[in-house]
Ligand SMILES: NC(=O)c1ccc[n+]([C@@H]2O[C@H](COP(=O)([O-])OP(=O)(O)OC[C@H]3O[C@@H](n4cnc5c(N)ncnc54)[C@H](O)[C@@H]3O)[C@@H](O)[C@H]2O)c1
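Below sits a lone chain in structure tokens, taken as the form predicted alone.
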Amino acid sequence: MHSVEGRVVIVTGSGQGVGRGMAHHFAKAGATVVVADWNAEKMARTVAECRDLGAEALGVPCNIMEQETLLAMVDTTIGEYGAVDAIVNNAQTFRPNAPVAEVSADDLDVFYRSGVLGTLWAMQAVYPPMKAAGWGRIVNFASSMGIVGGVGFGAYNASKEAIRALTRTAAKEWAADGIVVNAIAPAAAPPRAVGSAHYEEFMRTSPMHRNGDPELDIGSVAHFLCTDACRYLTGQTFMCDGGTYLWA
């Protein structure tokens, strides 16, 4: 029940960062990994790394802000492997932090198009083949900042909470089709964030006092959510943050 061996798993934004770590985890676990990224060089690097780990891997160029490229990416995957078993919607474009009083329409638009619409379009693209198969796993990416109202993250928070709303709604609408939809709120700061005030505050308040590892910490949760083992869990947000944020 805990295996992804032989499953076809798409990871968006897997050319770098958390997406790259998750791709490595799925590759080691025996999945067929589809690396979907807009950066051809980074995409090729992750594909090569997954193949070196013994996995079947395919790189497909994809811009999450353009619906047609997401549809084409899923079509390419099905054409190559005949199925899409799971998708991990990790990719999102970022803008500099800003207080709510200074958030611009451009800030909201970038987060909305890349986060909310990008996730929605990817979910819609995989829905028909998953429904036809009677089995599917969708993992979206939320953020603890959206849940707790992190200061300076207004536009980002709005997009991440919208993604959680889509996750919950799709979980209910698609449950009868055998499709499980969940979200991860990870704590795995990229190198550019290390040393920032937000990062230092997280390290101070986290019970484990460490940054999450994209492959070992975040990848393992994504792995679980793409298996039969999570068959009775849907619509949930998993706080993968070392116990920093806890709710009953």
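What you see is a predicted model; the values in this text were computed from it and never measured. Residue positions are given as counts along the sequence shown, with the first one as 1.
Note that the form predicted together with the ligand isn't included here; everything after this is about it.
Out of the listed residues Q124, S104, T93, T169, T93 is the one that sits within 4.5 Å of the ligand in the predicted complex by at least one heavy atom. Site annotation in the predicted complex: the residue of S196, N39, S220, T205 reaching within 4.5 Å of the ligand with a heavy atom is N39. With the partner omitted here, the stretch from 136 to 144, 79 to 87, 172 to 180, 95 to 103 that lies within 4.5 Å of the ligand by heavy atoms in the predicted complex is 136 to 144. Contact annotation: H209 falls outside 4.5 Å of the ligand in the predicted complex, judged by heavy atom distances.
Contact between N63 and the ligand in the predicted complex is found at the 4.5 Å heavy atom cutoff. Residue contact with the ligand in the predicted complex: V47 places no heavy atom within 4.5 Å of it.
At least one heavy atom of Q16 is located within 4.5 Å of the ligand in the predicted complex.
Taking a 4.5 Å heavy atom cutoff to the ligand in the predicted complex, the contacting residues in 165 to 191 are P186, A187, A188, A189, P190.
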